[in-house]
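Have a look below at one chain only, the form predicted on its own, in C-alpha cells format.
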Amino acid sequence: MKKLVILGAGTAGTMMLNKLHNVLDKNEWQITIVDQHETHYYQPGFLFIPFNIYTCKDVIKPKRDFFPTGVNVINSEIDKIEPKENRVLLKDGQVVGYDQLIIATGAKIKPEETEGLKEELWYKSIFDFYTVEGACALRDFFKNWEGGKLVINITEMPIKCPVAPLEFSFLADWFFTEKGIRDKVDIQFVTPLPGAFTQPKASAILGDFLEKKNIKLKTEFGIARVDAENKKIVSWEEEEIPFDCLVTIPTNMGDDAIERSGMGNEFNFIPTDKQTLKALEYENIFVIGDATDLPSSKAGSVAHFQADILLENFLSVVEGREPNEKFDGHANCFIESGFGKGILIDFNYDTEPLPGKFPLPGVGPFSLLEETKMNHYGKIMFRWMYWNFLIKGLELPIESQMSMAGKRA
C-alpha cells in the first residue's frame, strides 16, 4: 500500500486531506496527517477579538471535527524531514515513511527575532494579534485604555494575510470612535514597504483611506529594535517612533522543523515551483499554503486556490503524468474598513487589484476596490463558509484561476 503523509493540519493541510481522501483509492493509499496541536483556529477571526466583535469560541474548534474517517492521525511535533530516506522523524520517537509528502506546516510569528520586542513590555504595552493569546491580551488592554500613541508596526515581509494590519488600523479608528475617545488616540501605521500595501494601485487607494481616517502612514521603516525603557521603536537608521501601545506584526517564519531538515530559505519557507506547487529540489514532495516561498500572499484564500491546483497535479504525478495545472498566484481578500463597511481585492502574480464587480460581471454582489456594506457582509459571512465548506475541501463557486470578467482595466 502506498503512503501519503501530510505535515500540518491547519487550513491548507486539512483541505488537502479532505480533497484527497475523496478521490484516492482506499485500497491503494494510506493517508496520514501529522500535527502537534489538536485545536483548529480560524485565524482571520483573530483580528476581531481585540474589538469584541468575536470571542474565542468563534475562532476555535477541534481539528478532529474536520478529519474524515479512515485517516491515520498522529498528534506529535515534527523533529525533521529526511527527504532522501522518504521519512519523517517525530519528536515522540516515531518514524513515518512516505511515498508522497505534502508539506503544509504554515508560518508563525517570531517576535524574538527583533531585539527588545518580546521582553518586559510583552502583553503589557506590546501586543500581537496573530495569535489567540495576543488578540485576547490586547482585548483586555483596550477595555481600560484611555488613549495615547497607538503604533501598528509591520516588522518585515512576508507576513500572513498582508491586509490584516491595515484592517486592524481601520477597526481601531472605528472602535475608539465608538468609545468616544478617538480624539485621544493617535494612530500611526508603520511599514517597511514603500506604501500602505504590497500592490501599488491598491496601495494608493488604501493609503487614501488611512489619510481620510486620520491614520498617519510611515513607510520604509525597517525596525531594528524596541527601546522598552523609553517606549520607542528604532529603525536601522536610528529613527525613533514613540508609542504608548505597540501592536506588532512580528517576523513571520516557517516551522522550525523545516530549518532542522535543511529544506528552507532564511525564513524557513520551502523553495516551491510557483505554478505546480512541487518542491523544487524533491520529486515526491508538494508544498502548499504559508509553508511555500511563493510570491503570492500568505492567506487562506490563496491556500484554497492552491489546493485545487495541487489536487490535479498530485493525481497527475501518482499516475505517471507531468503536473500540468498551473497556479497563477490568485488571491482574494475582503478588507474590513470599519463602520460596517469593507473593501474587496482580487489579483494574481501578474495582475494588480482592479475595480469592478465580483464574482458576477456587472452584478457582483461584491464591488472591487470600493468600500461597501456588502463587502463587509462578505467578510462576516466568510467565517461560516470557512467552517462549513472551505476547511472540509468542498467546492466553492470561485475559480482557482483569477478571472478578468467584471474587472475594469
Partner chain sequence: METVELVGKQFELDDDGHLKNQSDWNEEVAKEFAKLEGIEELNDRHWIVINFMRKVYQEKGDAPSIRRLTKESGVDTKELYALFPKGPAKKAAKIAGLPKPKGCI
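Numbering follows the first chain given and starts at 1. Given the structure is predicted, the values throughout are model-derived calculations rather than measurements.
Below, we refer to the form predicted together with the partner chain, which is not included among the displayed structures.
- Contact with the partner chain in the predicted bound form, defined as any heavy atom within 4.5 Å, is confined among 119-127, 166-174, 231-239, 132-140 to 231-239.
- Scanning 253, 245, 270, 202 against the partner chain in the predicted bound form with a 4.5 Å heavy atom cut-off leaves one residue, 253.
- A heavy atom within 4.5 Å of the partner chain in the predicted bound form is found for exactly one of 99, 115, 325, 156: 156.
- Although the partner is absent from this view, residue 220 contacts the partner chain in the predicted bound form, with a non-hydrogen atom inside 4.5 angstroms.
- At least one heavy atom of residue 198 is located within 4.5 Å of the partner chain in the predicted bound form.
- Taking non-hydrogen atoms only, residue 296 approaches the partner chain to within 4.5 angstroms in the predicted bound form.
- Among residues of the shown chain, residue 266 is one whose heavy atoms approach the partner chain to within 4.5 Å in the predicted bound form.
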